[in-house]
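This document opens with one chain alone, in C-alpha coordinates, the form predicted on its own.
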(Lines give C-alpha, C1' and ligand atoms only; values in the text may rest on other atoms or scores of the structure.)
Protein backbone atom coordinates (compact mmCIF):
# COMPACT_ATOMS: atom_id res chain seq x y z
CA UNK A 1 0.00 0.00 0.00
CA UNK A 2 1.20 3.49 -0.80
CA UNK A 3 1.97 5.64 2.21
CA UNK A 4 2.61 9.33 2.77
CA UNK A 5 0.91 12.09 0.86
CA UNK A 6 -1.29 10.23 -1.62
CA UNK A 7 -0.94 12.68 -4.55
CA UNK A 8 2.87 12.64 -4.24
CA UNK A 9 2.91 8.85 -3.93
CA UNK A 10 0.64 8.45 -6.96
CA UNK A 11 3.00 10.69 -8.97
CA UNK A 12 5.89 8.48 -7.85
CA UNK A 13 3.98 5.30 -8.69
CA UNK A 14 3.31 6.56 -12.22
CA UNK A 15 6.99 7.45 -12.60
CA UNK A 16 7.87 3.93 -11.47
CA UNK A 17 5.39 2.50 -13.99
CA UNK A 18 7.11 4.52 -16.71
CA UNK A 19 10.34 2.78 -15.66
CA UNK A 20 8.77 -0.68 -15.95
CA UNK A 21 7.91 -1.30 -12.27
CA UNK A 22 4.88 -3.62 -12.36
CA UNK A 23 4.53 -3.47 -8.57
CA UNK A 24 3.75 0.25 -8.86
CA UNK A 25 0.95 -0.49 -11.33
CA UNK A 26 -0.39 -3.11 -8.93
CA UNK A 27 -0.36 -0.56 -6.08
CA UNK A 28 -2.35 1.92 -8.16
CA UNK A 29 -4.78 -0.84 -9.12
CA UNK A 30 -5.23 -2.04 -5.53
CA UNK A 31 -6.00 1.47 -4.29
CA UNK A 32 -8.01 2.91 -7.17
CA UNK A 33 -9.71 0.05 -9.03
CA UNK A 34 -12.97 0.00 -7.02
CA UNK A 35 -13.53 3.73 -7.51
CA UNK A 36 -12.48 3.54 -11.16
CA UNK A 37 -14.95 0.73 -11.80
CA UNK A 38 -17.68 2.82 -10.14
CA UNK A 39 -16.86 5.78 -12.41
CA UNK A 40 -16.88 3.57 -15.50
CA UNK A 41 -20.11 1.87 -14.41
CA UNK A 42 -21.86 5.24 -14.04
CA UNK A 43 -21.00 5.89 -17.67
CA UNK A 44 -21.55 2.48 -19.32
CA UNK A 45 -24.28 1.28 -16.91
CA UNK A 46 -23.06 -2.32 -16.76
CA UNK A 47 -20.63 -3.81 -14.30
CA UNK A 48 -19.06 -6.22 -16.79
CA UNK A 49 -18.40 -3.43 -19.27
CA UNK A 50 -17.06 -1.18 -16.50
CA UNK A 51 -14.57 -3.86 -15.52
CA UNK A 52 -13.52 -4.19 -19.17
CA UNK A 53 -13.06 -0.41 -19.37
CA UNK A 54 -10.86 -0.38 -16.26
CA UNK A 55 -8.80 -3.30 -17.55
CA UNK A 56 -8.19 -1.46 -20.83
CA UNK A 57 -7.44 1.73 -18.92
CA UNK A 58 -4.76 0.02 -16.83
CA UNK A 59 -3.12 -1.28 -19.99
CA UNK A 60 -3.05 2.30 -21.26
CA UNK A 61 -1.76 3.58 -17.91
CA UNK A 62 1.05 1.02 -18.09
CA UNK A 63 1.97 1.76 -21.70
CA UNK A 64 1.59 5.55 -21.46
CA UNK A 65 2.79 6.32 -17.92
CA UNK A 66 5.79 8.08 -19.47
CA UNK A 67 3.37 10.68 -20.90
CA UNK A 68 2.06 11.78 -17.51
CA UNK A 69 3.23 15.33 -16.73
CA UNK A 70 2.66 16.51 -13.12
CA UNK A 71 2.78 20.16 -14.18
CA UNK A 72 -0.32 19.61 -16.33
CA UNK A 73 -2.49 18.08 -13.62
CA UNK A 74 -2.74 15.54 -10.85
CA UNK A 75 -1.84 11.89 -11.29
CA UNK A 76 -5.29 10.91 -10.05
CA UNK A 77 -6.94 13.22 -12.59
CA UNK A 78 -4.80 11.73 -15.37
CA UNK A 79 -5.79 8.18 -14.39
CA UNK A 80 -9.49 9.00 -14.04
CA UNK A 81 -9.48 10.81 -17.39
CA UNK A 82 -8.15 7.66 -19.05
CA UNK A 83 -10.97 5.60 -17.52
CA UNK A 84 -13.59 8.19 -18.42
CA UNK A 85 -12.36 8.41 -22.01
CA UNK A 86 -12.23 4.61 -22.36
CA UNK A 87 -15.82 4.37 -21.07
CA UNK A 88 -17.05 7.05 -23.46
CA UNK A 89 -15.20 5.37 -26.34
CA UNK A 90 -16.92 2.10 -25.47
CA UNK A 91 -20.30 3.81 -25.73
CA UNK A 92 -19.38 5.49 -29.00
CA UNK A 93 -17.98 2.29 -30.51
CA UNK A 94 -21.26 0.49 -29.87
CA UNK A 95 -19.54 -2.46 -28.19
CA UNK A 96 -22.45 -3.14 -25.87
CA UNK A 97 -25.95 -4.54 -26.01
CA UNK A 98 -27.82 -1.40 -25.02
CA UNK A 99 -28.21 1.40 -27.52
CA UNK A 100 -26.84 4.85 -26.77
CA UNK A 101 -30.43 6.08 -26.48
CA UNK A 102 -31.18 3.48 -23.78
CA UNK A 103 -28.06 4.46 -21.89
CA UNK A 104 -29.00 8.13 -22.17
CA UNK A 105 -32.47 7.42 -20.81
CA UNK A 106 -31.03 5.52 -17.86
CA UNK A 107 -28.47 8.26 -17.25
CA UNK A 108 -31.11 10.99 -17.33
CA UNK A 109 -33.28 9.27 -14.76
CA UNK A 110 -30.80 8.74 -11.97
CA UNK A 111 -27.59 10.52 -12.84
CA UNK A 112 -28.68 14.11 -12.34
CA UNK A 113 -28.98 13.64 -8.58
CA UNK A 114 -25.94 11.33 -8.48
CA UNK A 115 -23.70 14.01 -9.98
CA UNK A 116 -24.40 16.57 -7.27
CA UNK A 117 -24.44 13.84 -4.61
CA UNK A 118 -20.85 12.98 -5.59
CA UNK A 119 -19.79 16.51 -4.66
CA UNK A 120 -21.69 16.39 -1.38
CA UNK A 121 -20.08 13.03 -0.50
CA UNK A 122 -16.59 14.51 -0.62
CA UNK A 123 -14.93 14.78 2.78
CA UNK A 124 -15.96 18.10 4.37
CA UNK A 125 -12.28 18.80 5.06
CA UNK A 126 -11.29 17.98 1.46
CA UNK A 127 -9.44 20.63 -0.51
CA UNK A 128 -11.27 19.48 -3.65
CA UNK A 129 -14.64 20.05 -1.97
CA UNK A 130 -13.57 23.54 -0.89
CA UNK A 131 -12.30 24.38 -4.35
CA UNK A 132 -15.42 23.03 -6.07
CA UNK A 133 -17.54 24.97 -3.58
CA UNK A 134 -15.76 28.18 -4.52
CA UNK A 135 -16.83 27.84 -8.17
CA UNK A 136 -20.00 29.34 -9.60
CA UNK A 137 -22.82 26.80 -9.42
CA UNK A 138 -23.01 26.47 -13.21
CA UNK A 139 -19.25 25.87 -13.60
CA UNK A 140 -19.27 23.37 -10.74
CA UNK A 141 -22.23 21.57 -12.27
CA UNK A 142 -20.58 21.50 -15.71
CA UNK A 143 -17.34 20.06 -14.32
CA UNK A 144 -19.21 17.46 -12.28
CA UNK A 145 -21.37 16.52 -15.26
CA UNK A 146 -18.22 15.99 -17.36
CA UNK A 147 -15.99 14.23 -14.85
CA UNK A 148 -18.50 12.40 -12.65
CA UNK A 149 -21.34 11.88 -15.10
CA UNK A 150 -19.23 11.36 -18.20
CA UNK A 151 -21.25 13.83 -20.26
CA UNK A 152 -19.72 15.35 -23.40
CA UNK A 153 -19.57 19.13 -23.81
CA UNK A 154 -22.50 18.92 -26.23
CA UNK A 155 -24.60 16.95 -23.74
CA UNK A 156 -23.77 19.43 -21.00
CA UNK A 157 -24.74 22.36 -23.21
CA UNK A 158 -28.06 20.69 -24.05
CA UNK A 159 -28.87 19.82 -20.45
CA UNK A 160 -27.95 23.28 -19.18
CA UNK A 161 -29.67 25.01 -22.09
CA UNK A 162 -26.59 26.97 -23.17
CA UNK A 163 -24.59 27.19 -26.42
CA UNK A 164 -21.85 24.60 -26.90
CA UNK A 165 -19.09 27.23 -26.95
CA UNK A 166 -20.35 28.65 -23.67
CA UNK A 167 -20.35 25.21 -22.04
CA UNK A 168 -16.80 24.56 -23.24
CA UNK A 169 -15.50 27.92 -22.01
CA UNK A 170 -17.27 27.61 -18.62
CA UNK A 171 -15.80 24.16 -18.09
CA UNK A 172 -12.35 25.30 -19.23
CA UNK A 173 -12.44 28.35 -16.92
CA UNK A 174 -13.83 26.26 -14.07
CA UNK A 175 -11.04 23.69 -14.45
CA UNK A 176 -8.44 26.48 -14.54
CA UNK A 177 -9.87 27.98 -11.32
CA UNK A 178 -9.97 24.50 -9.78
CA UNK A 179 -6.31 23.85 -10.66
CA UNK A 180 -5.28 27.22 -9.23
CA UNK A 181 -7.21 26.57 -6.05
CA UNK A 182 -5.77 23.07 -5.65
CA UNK A 183 -2.18 24.28 -6.22
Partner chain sequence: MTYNRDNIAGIADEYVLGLLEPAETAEIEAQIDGDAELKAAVAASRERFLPLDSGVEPATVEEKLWRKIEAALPARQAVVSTPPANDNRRNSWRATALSALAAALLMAVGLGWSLTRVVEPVVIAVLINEAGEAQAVVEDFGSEKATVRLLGDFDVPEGKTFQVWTLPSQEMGPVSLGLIDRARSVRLRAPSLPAPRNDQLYEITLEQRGGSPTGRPTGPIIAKGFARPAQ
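Residue numbers count along the first chain shown, from 1. As the structure is a computational prediction, the values presented were derived from the model and not from experiment. Between two forms, the rigid core is the largest collection of C-alphas that superpose within 1.5 Å.
Form predicted together with the partner chain: not shown, discussed below.
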Subject >> Full three-residue contact with the partner chain in the predicted complex, heavy atom 4.5 Å, for 20, 38 and 128 >> reply: yes
Original post:
Quick one: is residue 59 in contact with the partner chain in the predicted complex, heavy atoms, 4.5 Å cut-off?
Top reply: yes
Original post:
Taking 4.5 angstroms as the cut-off for heavy atoms, does residue 122 touch the partner chain in the predicted complex?
Top reply: yes
Original post:
Using 4.5 Å between non-hydrogen atoms, is residue 159 touching the partner chain in the predicted complex?
Top reply: no
Original post:
How about residue 138: is it within 4.5 Å of the partner chain in the predicted complex, going by heavy atoms?
Top reply: no
**OP:** Could you list which residues of 151-183 come within 4.5 Å of the partner chain in the predicted complex, counting heavy atoms only?
**Re:** 151, 152, 153, 156, 171, 172, 175, 176, 178, 179, 182
Original post:
When the two forms are laid on each other by their rigid core, does residue 26 show a Cα shift of 2 Å or more between the shown form and the other one?
Top reply: no
**OP:** Look at residue 168 and decide if its Cα position differs by 2 Å or more between the shown form and the other one after superposing on the rigid core.
**Re:** yes
Subject >> Displaced residue check between the shown form and the other one: residue 35, CA, 2 Å or over, core reference >> reply: no
